[in-house]
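In what follows, one protein chain appears twice in different forms, each by itself as structure tokens: structure 1 and structure 2.
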Structure 1
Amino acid sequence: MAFANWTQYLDQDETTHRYPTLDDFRRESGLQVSYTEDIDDNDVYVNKIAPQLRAGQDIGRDIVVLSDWMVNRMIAQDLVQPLELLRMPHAPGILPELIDAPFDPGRAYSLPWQSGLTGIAYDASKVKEIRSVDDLWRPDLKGRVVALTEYRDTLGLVMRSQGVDPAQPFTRDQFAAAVDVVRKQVAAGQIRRLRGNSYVQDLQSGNALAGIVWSGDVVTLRAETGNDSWRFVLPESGGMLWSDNMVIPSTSTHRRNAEALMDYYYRPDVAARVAAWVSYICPVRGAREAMAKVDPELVDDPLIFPSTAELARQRVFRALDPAQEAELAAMWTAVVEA
């Protein structure tokens, strides 16, 4: 079977460049698994595979990891297979906050791979404290700010700073007001660029000193640059909560093998090993207790195991119907492609 994921999203041995938990699964199950880091942007990836799926063609992948809103679209278009949950004894271990996703109630088609927060990162050795989205527009940061092409992240944060809750119904004008903020900052040169997963490269190189980011990337940034001054903060107005989810493409011929692998990653001991490496919110109940044997220092890490109260402060961007999604995406695409 073949597993497609985002970059730096699975535990990896820095010397051998192999994936220890995946190697253990191969040994335990006797199944062969190829693993590729194919995904950098939801739209770009799905635009490549969707025509093949609609034509009933095998895309050569049996598990793909996509964000909440894209899974919503894939389910609506019958491009993924339902899960045989009775064959997945560990799957019920999902965190309660993630079970009843608006796009997949009861998780009949998807399981969260990792969850995370969208907030702000900045290099505290070079930038004074940042506490709000508006702080990113300070003159001292001109041309040194990055933001994400995923509008639910970037605009979700901006909307919250404007007092709009992206988890609830909002108007076109409210969405447009957030788009206008980003458009103006891009045009003024305040935002260096809007990027997918590769936005981290600008932070690693020092070309950017702050930005709207995904929480787990800050831990990777510290490790890869040797700079512990990178900070992740949730704006005073609040952050965004999201999940990337495992799904089985509609044309996969290895569904049960894929389900076995998905279920394996819901074992708390395995989930803890992955979480220790990727530093995103672990979606598996019991993983925090298992982390005590993996890396005791991470048991109380709020980026991996946030409190229930902290999670309650964040918002998940609401599910959109196809017409809404098309309208909002067109408004945002005009900014990204400008």
Structure 2
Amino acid sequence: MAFANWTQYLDQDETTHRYPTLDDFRRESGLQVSYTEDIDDNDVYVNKIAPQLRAGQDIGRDIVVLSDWMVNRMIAQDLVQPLELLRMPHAPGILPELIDAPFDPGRAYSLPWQSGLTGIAYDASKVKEIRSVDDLWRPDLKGRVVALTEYRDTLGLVMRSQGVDPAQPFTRDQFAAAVDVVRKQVAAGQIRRLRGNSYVQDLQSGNALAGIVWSGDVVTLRAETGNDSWRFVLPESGGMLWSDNMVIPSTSTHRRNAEALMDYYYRPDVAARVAAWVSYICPVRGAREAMAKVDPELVDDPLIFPSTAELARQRVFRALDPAQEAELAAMWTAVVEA
């Protein structure tokens, strides 16, 4: 069985470069698992595998991890297999906030691997407190702000600041209004760059002092810059909640083994070990209690275990149908490729 994931997304021993939780699974189950960090970008990865899946060819992967909106597209195009939840006793341990994903109610096809929040990060040693999206457009931050190229994150945050709920059906005009804010801030030189994963480098190098970011990266940022004054805040108007989800490609012939692996990672003790290493939101109930044995310091880390009230305030970007998705993506691309 083969598991394809994003880089730095599974606990790894720094010296042996082995993955302890995966080794334990191999030992317990006797199953052969290969693990590859194939995925660096949803679009690029799926553009590579989708033609093969449509042609009914095996892609040599039995679990792949994709973001919400891409899972939505994969389900709509019949490129993934349904999960046999009966065979997965730990799967019901999923956080209640994540069960009824707009694109997969009841999680018939996908299980979150890790979840995260989109919010604002800033270096409190150099920048005054930031509490809202509008604070990012302050004159003292001119040219020192980065934002994400993923519109569900950047525009999701901006839409919320304009009082629009991205989880509910919104109009084209409401979306256009958010696009317009970003276009203006880019044109004015306020937003330095729209970037993918690599935005962290801009914050590390000091080129950017604040930005729209993913929650888990702030932990990495603190560690790599040795600067503990990096803050992660959810704007007053609210942040976005997202997940990267495990799915089984339609042509995989090892569904049962893949399900066993997914179920293994939903055991609270295992989930806690992964969460301690990746520092994103752990999607498994009970992992917080299990964390006490793994790393007691992290039990109260709001980035890994946000409170129920905090989670309830966040929104998941709604599932779009293909025509809407094409339209919105085209509007956004006009800004990104200017």
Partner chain sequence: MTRSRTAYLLVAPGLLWLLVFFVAPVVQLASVSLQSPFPGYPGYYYRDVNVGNYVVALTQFAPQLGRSLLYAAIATVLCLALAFPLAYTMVFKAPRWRGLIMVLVVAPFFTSFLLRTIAWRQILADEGPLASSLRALHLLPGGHLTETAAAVVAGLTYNFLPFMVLPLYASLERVDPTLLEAGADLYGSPWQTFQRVTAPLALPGVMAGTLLTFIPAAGDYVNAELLGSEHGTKMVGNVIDAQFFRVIGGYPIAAALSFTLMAIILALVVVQVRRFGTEHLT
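The shown structure was predicted, so the numbers you read here are calculated from the model rather than taken from an experiment. For residue numbers, the reference is structure 1: its sequence is counted from 1. Take the two forms, find the largest set of C-alpha atoms that superpose within 1.5 Å, and that set is the rigid core.
Structure 2 derives from the form predicted together with the partner chain, whereas structure 1 comes from the other one. A movement of the C-alpha atom of residue 176 falling short of 2 angstroms is seen between structures 1 and 2 when the two forms are aligned on their rigid core. Taking the core as the fixed frame between structures 1 and 2, we note the C-alpha of residue 190 moving 2.3 angstrom.
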